[in-house]
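Okay, here we've got a single chain as structure tokens, the form predicted on its own, with questions on binding and movement later.
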């Protein structure tokens, strides 16, 4: 899992560098397009993912103490945050599409939609991973002496959160 996480971080890092490079060549376009984004939505999504990561930390703590049901509840709470993130992101994307904005509108929107969708799919995968961990925890598959699967799922979820913590200011705030 760590190799996969590092590979994913490398891919996102390359995208972030490409974004920064493209931005330096058309700062006015990037600034103007950025002002058309809903920063409140981006902030709410940030809070949702940070909350989800906190819930995952609580889940790991609970399983370390042998409380698989409590672990399960915290993982479900984390997935609920992920689901709310996805719904809000879909609303945001659909608003842009309804306004006639696509990846070919301009360079900024190519990055906004491309990076946003790429991250969106990572949230989906994170929820699938947390779902599998939750199911196993619910069935009593983890114990205080054996919870590596919970930690592995948590590590992936934290990577998804970390990427958003970089992506949010990069796309929504920095100008």
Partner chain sequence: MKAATFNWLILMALTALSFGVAEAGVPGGAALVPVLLATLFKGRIVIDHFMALQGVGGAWRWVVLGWLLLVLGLIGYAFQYAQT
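Residue numbers count along the first chain shown, from 1. Predicted, not measured: the structure shown is a model, and the values here were computed from it.
Quick note: we don't show the form predicted in complex with the partner chain, though the next part is all about it.
Looking at 131 to 139, 37 to 45, 104 to 112, 118 to 126, the stretch with residues near the partner chain in the predicted complex, meaning non-hydrogen atoms within 4.5 angstroms, turns out to be 37 to 45.
Heavy atoms of every residue among 161, 169 and 173 are located within 4.5 Å of the partner chain in the predicted complex. Contact check for residue 33: every heavy atom lies farther than 4.5 Å from the partner chain in the predicted complex.
Among residues of the shown chain, residue 27 is one whose heavy atoms approach the partner chain to within 4.5 Å in the predicted complex. Contact annotation for residue 58: at least one heavy atom lies within 4.5 Å of the partner chain in the predicted complex. Contact annotation for residue 68: none of its heavy atoms lies within 4.5 Å of the partner chain in the predicted complex. Residues of 1 to 20 placing a heavy atom within 4.5 Å of the partner chain in the predicted complex, in sequence order: 2, 3, 6, 9, 10, 13, 16, 17, 19, 20.
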